[in-house]
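Only one chain is shown below, in structure tokens, and it's the form predicted on its own.
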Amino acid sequence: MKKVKQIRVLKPFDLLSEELVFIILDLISPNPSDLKSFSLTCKSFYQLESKHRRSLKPLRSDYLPRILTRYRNTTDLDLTFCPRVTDYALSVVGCLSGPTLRSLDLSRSGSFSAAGLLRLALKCVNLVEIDLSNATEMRDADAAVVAEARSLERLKLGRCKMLTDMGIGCIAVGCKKLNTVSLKWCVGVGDLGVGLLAVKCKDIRTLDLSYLPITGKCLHDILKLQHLEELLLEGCFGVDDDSLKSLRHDCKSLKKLDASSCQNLTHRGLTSLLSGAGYLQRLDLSHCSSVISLDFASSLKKVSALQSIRLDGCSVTPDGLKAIGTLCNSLKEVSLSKCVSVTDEGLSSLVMKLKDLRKLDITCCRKLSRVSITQIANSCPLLVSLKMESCSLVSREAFWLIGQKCRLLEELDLTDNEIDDEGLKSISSCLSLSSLKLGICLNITDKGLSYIGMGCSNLRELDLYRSVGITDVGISTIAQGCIHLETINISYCQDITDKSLVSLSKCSLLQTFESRGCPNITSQGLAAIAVRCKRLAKVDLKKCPSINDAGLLALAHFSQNLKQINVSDTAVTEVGLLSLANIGCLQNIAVVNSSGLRPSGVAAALLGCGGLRKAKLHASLRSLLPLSLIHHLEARGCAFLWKDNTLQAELDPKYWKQQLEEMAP
């Protein structure tokens, strides 16, 4: 009897090489749920996904042994979701990912010591980046252990306030390959430690010394670094004209300088600082004490190639702005946010020189009028970002010019302005618009919003905070035309109902939904969003009295990516609150003035939410919750914020805005 020859039927994916499957995984990796579906299809897919993944961001440190056993090729490990990382956890990381691990983020983690860091440094021989920011108990002995990681290239130690020059000296001697260092708010580090870092680590490209008690003395060594590209000196009050008087340097590699909030630095010191930085591209002088006048602007003569300048909160003169435009006519980004002295004359003389300007921020420049907007529109056709919140003197007609002349806009902030529907009709011509903020715009209605919905299909962010003329009709047109919407704020738009939420549920990419103070939305509308918007990460339902447990149950079941929720002043009880424990990545929760909550229910909910980082609760619960429970949660990494707010009636937006204008000087 002849044997029947068996024919093996190959599955389609068996014909693909591993490299091709990895390319497919690269394409679907932005969506975690797609990756999960892929890995659960079959055993071979499970193994391929495990082999392919390089970056991990676990929700709990308890999961590390199991996760790292599966993902043996992990190169980037982000533990910012893990408030408590013990020495044992770091030992697990070292043992299971030692040879492959290159980057580790512990910036929001605690509970580890020098012993854990030492095991990590000895096992992870290829570690090139570690973020230890906010390790407020870290001392020089711990820094000496970090110095054992000889391959380190990028190190962040922000807010490690117990470190001194000695600890930084150990790191400088041991980690000579460093090219990026952040010491922001390391207030125990001075000129000596920074000087040692500059002498020993010759490859430094980025150095953040913000809020350090240093003087111009250490800058002599820093500006000798041949590869230095970014130097941040924000809030360094010791850097003044006298300490920079003798400074001579030729730092041609320097591209970015942040001297914001350096209160003792004037144009004389700045001239010394910029003397050898002929190739500087980005300069931040925000909140400096000197007036940006003609003399101050003259210090920019040697940085004519400057592309970005920030003068937020500074006092500026028309002559100063005109000089900046003349001396630095290659500028592409200008920020004058909260420069209350900016006038039409000064701004017009600046922008008319900047034909290649791409980004402009004139937030709260309340003296500007239509004259400035006309000059901006006519002189800067290449603008991609315009922020002009609270420019209340700009007339409605001016916004028509923005839409007609600045067609390349991608970001537009018109919060608290006089724009109307005709202005929105013109702005709808900006087909690349992705972010539009229309908060407290009391002259817009559904008609104007419909133009945006029909014309701006690439819109990702829409802010309608307190724009009371908007109803379900306008939101519906946005949902139909802007299907890529990721963020929407409809807070205090009191005519909004569940119809809007049902419409928005079509925007499957929605991540942030804010509907504070919308009394007509219910749990039924919230459930519609929860079911269809799987990426939902932030929800604000404060002062929505018709939101109850049914809405939270829907979120708990469908919104597994939810990280932040506010259910203060709602009808939620402990039943709904407890259901949120089903969401593994929930980090922040606010529940104040919700009368249906009992202390026992709140306690159970807090215990169930294992990854909780912040809880905002009513102050009355502080004495009702067991002290041992509070201590346990704090040890787990949860910070409590106790609020004693009484429910207040909302002011009418028009009256509220009028009050602000009367209070303004």
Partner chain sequence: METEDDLCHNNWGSSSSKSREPGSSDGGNQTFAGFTSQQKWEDASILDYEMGVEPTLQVFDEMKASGQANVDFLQGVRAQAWDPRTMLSNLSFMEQKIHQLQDLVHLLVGRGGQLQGRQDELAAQQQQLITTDLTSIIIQLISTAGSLLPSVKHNMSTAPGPYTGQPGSALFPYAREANNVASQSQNNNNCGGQEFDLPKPVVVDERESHVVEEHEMKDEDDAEEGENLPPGSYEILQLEKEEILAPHTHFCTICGKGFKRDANLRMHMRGHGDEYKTAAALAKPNKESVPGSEPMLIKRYSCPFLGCKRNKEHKKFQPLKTILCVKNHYKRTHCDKSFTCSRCHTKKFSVIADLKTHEKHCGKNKWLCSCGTTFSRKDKLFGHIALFQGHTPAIPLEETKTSASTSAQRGSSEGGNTNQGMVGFNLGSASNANQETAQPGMTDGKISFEEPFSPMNFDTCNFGGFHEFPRLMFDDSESSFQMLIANACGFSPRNVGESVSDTSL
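Bear in mind the structure is a predicted one, so any value in this text is a computation, not a measurement. Numbering follows the first chain given and starts at 1.
The form predicted together with the partner chain is left out here; the points below concern that form.
When you look in the predicted complex, the only residue of 128, 192, 473, 352 with a non-hydrogen atom within 4.5 Å of the partner chain is 192. 581 is the sole member of 340, 393, 468, 581 with a non-hydrogen atom within 4.5 Å of the partner chain in the predicted complex. Looking at residue 622, you'd find every heavy atom of it more than 4.5 angstroms from the partner chain in the predicted complex. Interface membership of residue 123, defined by any non-hydrogen atom within 4.5 Å of the partner chain in the predicted complex, is confirmed. The shortest heavy atom separation between residue 525 and the partner chain in the predicted complex exceeds 4.5 Å.
Remark: residue 453 does not count among the residues lining the partner chain in the predicted complex, judged by a heavy atom distance of 4.5 Å or less. The stretch that touches the partner chain in the predicted complex, counting heavy atoms within 4.5 Å, is 627-635, out of 614-622, 627-635, 25-33, 47-55. For the three marked residues, 66, 170 and 173, a heavy atom of each sits within 4.5 Å of the partner chain in the predicted complex.
Counting a residue when any of its non-hydrogen atoms is within 4.5 Å of the partner chain in the predicted complex, the hits in 57-86 run 60, 62, 63, 65, 66, 69, 72, 84, 86.
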